[in-house]
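Only one chain is included here, represented as structure tokens and corresponding to the form predicted on its own.
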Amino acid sequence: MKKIIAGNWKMNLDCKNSLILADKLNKILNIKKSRNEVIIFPDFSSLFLVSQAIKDGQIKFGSQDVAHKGLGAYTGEVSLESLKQLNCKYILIGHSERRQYFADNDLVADKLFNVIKNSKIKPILCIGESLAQRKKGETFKILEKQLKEAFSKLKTKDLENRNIVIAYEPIWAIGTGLVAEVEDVVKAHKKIKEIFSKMFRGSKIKQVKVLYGGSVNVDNFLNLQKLQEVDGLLIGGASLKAGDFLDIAYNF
């Protein structure tokens, strides 16, 4: 089974530098392919340029977010229709920064519903607990709550023949340099798959993959490499350096 190595560029690069990095990654991956599926998530303003730069290449690209509704009077939003026309393959939904800074908690279910009901694009649902919640021993409770809320508007039949991707991002580990202990990662990933399986028991879902995200870099990714519960990585800062990102893409 192919693993996913995804790089979330967030709002760290302008259009010019997004294009430079995408072109560099694409050229190298076209010469030396990775056994994993490699995805990059540029900011919205760079999506078209990047989509053209990596067209027909080995690397795939996705959107960092999507509107919770179809075309309409939603100033500042990016429509699913536009992302489909760009041939976008993945969309991040519910990233912790969207939840924290833009009050996305109440929109996650609508966004997930929109993508699954109206496209073939693969959503990557992001979930994870805060440090305070972790200290209270509420990690599993929070993961279950976020999963149930996210899928609350979808029925089992809506997920038939779909590939479901969930990213476990402990909020306290994002951009802090802290990484969850291997044992904790294993437990969280097992729990996520267990909860999801109970929610949609008997469904014809093709596959459920769970990625880990949280200060993953070239110095620590090998600690996660042999964990069968980890189906890939969602990488932040390290994805902005071509050498580091490719090192992980080739060796995970």
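All residue numbers refer to positions in the sequence shown, first residue = 1. It should be emphasised that the depicted structure is a prediction, and the values quoted were computed from it without experimental measurement.
What follows is about the form predicted in complex with a small molecule, which we do not show.
Using a 4.5 angstroms limit between non-hydrogen atoms, residue 62 is distant from the small molecule in the predicted complex.
When contacts are judged by a 4.5 Å heavy atom cut-off, residue 232 does not count as touching the small molecule in the predicted complex. Contact check for residue 10: a heavy atom falls within 4.5 Å of the small molecule in the predicted complex. The small molecule in the predicted complex comes within 4.5 Å of no heavy atom belonging to residue 46. Within 4.5 Å of the small molecule in the predicted complex, a heavy atom is found for none of 22, 26 and 57. Partner proximity in the predicted complex, defined as non-hydrogen atoms within 4.5 angstroms of the small molecule, places exactly one of 192 to 200, 48 to 56, 64 to 72, 213 to 221 at the interface: 213 to 221.
Here is the short version: of 165, 91, 173, 150, the single residue with a heavy atom within 4.5 Å of the small molecule in the predicted complex is 173.
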